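First comes one chain, alone, set out as structure tokens in the form predicted on its own.
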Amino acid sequence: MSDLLTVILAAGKGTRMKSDLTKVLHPVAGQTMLSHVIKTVDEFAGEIVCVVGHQAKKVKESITADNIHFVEQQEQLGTGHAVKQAEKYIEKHKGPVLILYGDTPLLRSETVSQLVERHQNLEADLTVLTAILTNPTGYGRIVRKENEYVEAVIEEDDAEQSIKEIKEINSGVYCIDSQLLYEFLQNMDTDNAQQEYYLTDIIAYADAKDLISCPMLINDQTEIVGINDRATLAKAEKILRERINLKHMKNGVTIIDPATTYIDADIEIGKDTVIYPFVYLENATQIGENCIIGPHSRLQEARLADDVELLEHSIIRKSSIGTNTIVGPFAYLRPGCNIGENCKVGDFVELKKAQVGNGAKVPHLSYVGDAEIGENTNIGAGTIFANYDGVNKHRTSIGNNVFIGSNTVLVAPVKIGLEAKTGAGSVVTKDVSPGETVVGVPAHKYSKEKN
């Protein structure tokens, strides 16, 4: 569909959201509403024009795609006026123009693709996505002709009672011939209750010229729900998360209780992984195959290799975990941690900017900050990496096959050589040579002759 021009309307403030943040930037399943809409058309859209208004700078900064042009609507004078801001792109375009709203994150890519295909196959001048609602209050009603084509869309404020009884509503999603759209933008008026430029008037405009306006009735009416307040935001969140969970389950992931599992839209999970209840997977987290994610765990921008076991109440943020490693329960990996293969990070352990080599163990009750831990090293219970001197942070480096006794305090900057040992309760303030054993406060070389 390279000949498709897409116009996304994202200029509104969203007053009913009661927020300092413009409506389209509110997140749903980990991504902004606008990002969801762009993703919906990204696979088949040619040029995309995004009409921005409130907090235009923030909206622009939130989008990284290269194929998007931004135009600004300084005053909000109606949907027709919003589309008119993209007039220069519409004028030069030859082909269909797809029009979407930036607050409809539930719209599926398949549905939009079908709309465009129907428009082209029927050689229609305009095609509109419609839905049947039990309670259509607030929506513009679809008025059909005897031949089932659309004659007009009547907004509720302008509708007589007989029109209000119509259950078929306008979704606001259109595919329109560019020439028809451009001509309408030159001729639209504000002769309506709101005294605004209605985009919906284009259907009556087309009908007056004996042009064809086709409806496409949607099967799943939840797709066209627009987010107007926090209540509809929560409903959309629930629907989208149900879709996300279903997708992962179809791909071979076991989700024990989907109703209490929260997975963002951009999460990758390998087959045969098991997700326990009350798990939160956020911010582009990637999980390998055959993993176990225990209950009440939260992962944000985490990378888990295959066969990782994450026990209950563990938090992983911007960190990676290698194959066959066990983490938790009640572990906290702060940003910048890289845990190797076949490791153990146990209960009530906190790590920050820590590199843990293959086979190393930090079993319980320890704080490891700004550190490198070598392969097959064991960190005893209660060990503290004292990385902060009150002014600056310092690093601790521990070699391979080191044994750190319980309740050791490592006062950074300090280096512990390979195969070295510290006695329980030691306070290490100086480097320890390879193979050396230190004990005491402050720690000193252990000598069998003195003891």
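These numbers were taken from a predicted model, which means no experiment stands behind them. We number the residues from 1 along the sequence you see.
Beyond the structure shown, there is the form predicted together with a small molecule, which is absent from this document and is the topic of what follows.
Using a 4.5 angstroms limit between non-hydrogen atoms, D177 is distant from the small molecule in the model of the complex.
The small molecule in the model of the complex comes within 4.5 Å of no heavy atom belonging to S213. Remark: G340 does not count among the residues lining the small molecule in the model of the complex, judged by a heavy atom distance of 4.5 Å or less. Put simply, G346 is far from the small molecule in the model of the complex: not one heavy atom of it is within 4.5 Å. Distance criterion of 4.5 Å from any heavy atom to the small molecule in the model of the complex singles out Y198 from the list Y276, F184, Y367, Y198. This chain is drawn without the small molecule; in the model of the complex, the residue among E155, D307, D264, E350 with a heavy atom within 4.5 Å of it is E155.
The stretch among 373-381, 108-116, 75-83, 318-326 whose residues place heavy atoms within 4.5 Å of the small molecule in the model of the complex is 75-83.
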